[in-house]
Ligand code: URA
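Presented below, as structure tokens, is a lone chain in the form predicted alone.
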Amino acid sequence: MKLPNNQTMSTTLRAWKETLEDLGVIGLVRQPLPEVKATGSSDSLSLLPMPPPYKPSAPPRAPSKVKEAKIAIDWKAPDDPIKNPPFDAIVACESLDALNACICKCEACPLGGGRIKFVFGEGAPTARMMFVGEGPGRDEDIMGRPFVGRAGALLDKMIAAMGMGRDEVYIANVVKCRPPDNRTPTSSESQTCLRYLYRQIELINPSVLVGLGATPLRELLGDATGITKIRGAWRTVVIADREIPFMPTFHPAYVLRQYTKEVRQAVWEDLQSALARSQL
């Protein structure tokens, strides 16, 4: 059966076809593009060209000139319960909105004082699948939303290829404020912020967690082996005495840097496994 061309295809069908082709998934498209060589596998990925650079409308932030070592020496956690919410206040929050209101002015680690916006997370409050990334980047810091830059656009395509929308999953990060120059958050910063993420996970109660990159793997599971060796292998996170299946996979930013058929194939297989597990 031959797919209709762009002139005769319905708007919905065309959008779905373009999403799959941009992601590189060809198994659900009957006829591949002429330049794509199909492998015959139902879940294979085609080698598409690198997507064009993402161009945010807001100007970029100036790079931080304060070294992390100096921050660690000069900075001290505030005693103010607004800027450093106590544990009892966090666990008392019975909804995501209440939790956001409780922690959105946090400065309990050095990242809080340098942010533009606090990036709480977003999605379905009862999502069965929850994605956890590392931390906000420039665009997320500006907009106050997770995964809205170029890597976020790819994550959206991944979610769409699984047959879902962004509003059907939940997306959050280990830290909720942008690290200077987009560096990896320190263990101290991550551990300070994890109490918020843990409560988010408790409230959402997802069936599956998908860890995007090495930082969620390291901070949630204490595994510093590296994402390349661990990705695709199921792990378990224990939160509030509940064991939650955890699928580690590559971060979308890594996929964009290493935009090869093998990397995209690996991520697609990880997501298919997570989707199947979430539906049990």
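Residue numbers here begin at 1 and follow the sequence given. None of the values given here were measured: they were computed from a predicted structure.
The same protein has a further form, the form predicted in complex with the named molecule, not shown here; the description that follows concerns it.
For the chain shown alone, Phe147 is a contact residue for the named molecule in the predicted complex, at least one non-hydrogen atom being within 4.5 angstroms. A residue is said to contact a partner when one of its heavy atoms sits within 4.5 Å of a partner heavy atom; Gly137 meets this definition for the named molecule in the predicted complex. In the predicted complex, the named molecule sits within 4.5 Å of a heavy atom of His251. Contact with the named molecule in the predicted complex, defined as any heavy atom within 4.5 Å, is confined among 190 to 198, 99 to 107, 82 to 90, 127 to 135 to 127 to 135.
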